[in-house]
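Here's a solo chain for you in structure tokens, the form predicted on its own.
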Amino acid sequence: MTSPNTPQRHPMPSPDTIVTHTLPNGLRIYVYENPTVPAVVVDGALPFGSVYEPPELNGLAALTAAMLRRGTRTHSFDTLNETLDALGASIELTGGRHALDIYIQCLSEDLSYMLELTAQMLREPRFPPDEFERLKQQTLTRIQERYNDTRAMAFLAFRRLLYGDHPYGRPVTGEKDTVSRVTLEHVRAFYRQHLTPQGGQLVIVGDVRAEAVIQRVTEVLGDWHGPNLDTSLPPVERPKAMRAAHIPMEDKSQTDIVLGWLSLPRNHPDWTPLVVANTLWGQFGMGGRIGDRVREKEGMAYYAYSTLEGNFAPGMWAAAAGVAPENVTQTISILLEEARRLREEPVTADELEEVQSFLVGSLPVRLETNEGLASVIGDMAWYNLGLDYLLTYEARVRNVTAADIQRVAHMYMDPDNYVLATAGPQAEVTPVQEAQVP
């Protein structure tokens, strides 16, 4: 018999448990009822981001998104904050690379009002001049802080080298010179020309009834229409030769290294084998093989790990490490040695099983909260992975073989042709082009 105190597990999100509806304006709604606690999370995305802004105004989309939260026709910024604080709720609007990300967290009884407030932010933003100047200055301050962060600068240089002039090569928050150019008129124009419900989505998870939620979204957003946005992207060209740069930051005691390659779009069939390979290479335990070798055995790194990014266009697959300047050359050599090992030596059955079990076992942890559920369902919808994605997840991970890992390593990881960025004091490293901090 189940005890009254035993937590009730929700069924796995699937086509049978996710209620879907598309409004005439193209906004897709996904509702997952989870009555375990009287709370709800909304995780939304509208096609609106830095990929659509002109390079000379890099950071415009992020500023515009933040300004939507700075007041509506009927509510000032202070009034919005006071209202949300009184309810213990939150509404966040953030500009990303491809999307305006919408996040709402509240009690179930307050969801109707939260949806109304969010609709006002999207449809009737106030754009107060004083808040724009304050936000712009805060953004410039954060950019200046980034210029003093060796890890941030290494990743920034790596992305520029990897993508060149492609929109993926620019930081979402912009640069000092580009943000300085943005005016309130730019923000207003970008909002009018780009924000649209068409192609967007709202994922609602919590103690709600799907029919009632869909009706409420229809009431506040159903008659909203925006421009027809061209969401096509220029092609990403894979680097044909090694690209490298060093960002000199002489007042620092640490050098940060980012070394890697282009990966895949998120919905590519090789994504799961690449996730398993990346977990093995630099994620499992204390940083996978990279962390074990560079950090634990050699004791040379403050941190060492790998990261895998997927988006609508190819993302990046990279290793990152923070080391003392005198250890840069040896660390780079080890990262490349571990890349060759992944390509040339079949992973053992025990190591593969450990990594697969880790990936399978960590999924339920991600699904324990409304926030985690909404995030996973949102990815499934945004990247068109299929609403049965979680039902087949374990089988896909378990079906990855040692040969699959070698195959994707050979295809997407070339230790003789890579992109390398370092940031920190000058050190004896592989000769690279020196780049100035913007």
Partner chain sequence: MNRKQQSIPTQLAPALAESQTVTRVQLDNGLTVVLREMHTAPVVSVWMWYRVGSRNERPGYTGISHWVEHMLFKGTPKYPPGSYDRLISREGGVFNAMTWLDYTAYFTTLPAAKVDLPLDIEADRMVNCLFAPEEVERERTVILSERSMYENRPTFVLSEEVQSTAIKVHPYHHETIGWPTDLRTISRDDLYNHYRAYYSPNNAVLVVAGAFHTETMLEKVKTYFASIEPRQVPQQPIPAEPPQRGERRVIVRGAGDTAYLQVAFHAVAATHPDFFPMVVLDAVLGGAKSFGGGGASNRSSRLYRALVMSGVAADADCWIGPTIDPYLWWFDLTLNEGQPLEKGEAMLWQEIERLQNEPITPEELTKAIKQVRAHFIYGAESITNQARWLGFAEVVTSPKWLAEYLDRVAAVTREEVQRIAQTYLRRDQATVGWYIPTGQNTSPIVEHNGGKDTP
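Positions refer to the first chain, counted from 1. Keep in mind that what you see is a predicted model, and the values were worked out from it rather than measured.
Heads up, the form predicted together with the partner chain isn't pictured, but that's what we're talking about next.
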At 4.5 angstroms, heavy atoms only, are Thr94, Thr183 and Glu345 all close to the partner chain in the model of the complex? no
Exactly one listed stretch (404-412, 49-57, 385-393, 369-377) reaches within 4.5 angstroms of the partner chain in the model of the complex by non-hydrogen atoms, and it is 369-377
The one option of Glu309, Asp101, Glu124, Glu296 with any heavy atom within 4.5 Å of the partner chain in the model of the complex is Glu296
Which of Leu202, Ala318, Ile290, Met153 has a heavy atom within 4.5 Å of the partner chain in the model of the complex? Met153
Would Glu338 sit within 4.5 Å of the partner chain in the model of the complex, counting heavy atoms only? no
4.5 Å heavy atom contact, Phe132 and the partner chain in the model of the complex: no
With a cut-off of 4.5 Å between heavy atoms, is Ala39 one of the residues that contacts the partner chain in the model of the complex? yes
4.5 Å heavy atom contact, Thr173 and the partner chain in the model of the complex: no
Residue by residue through 50-83, which ones have a non-hydrogen atom no more than 4.5 angstroms from the partner chain in the model of the complex? Arg69, Arg70, His75, Phe77, Asp78, Thr79, Asn81, Glu82, Thr83
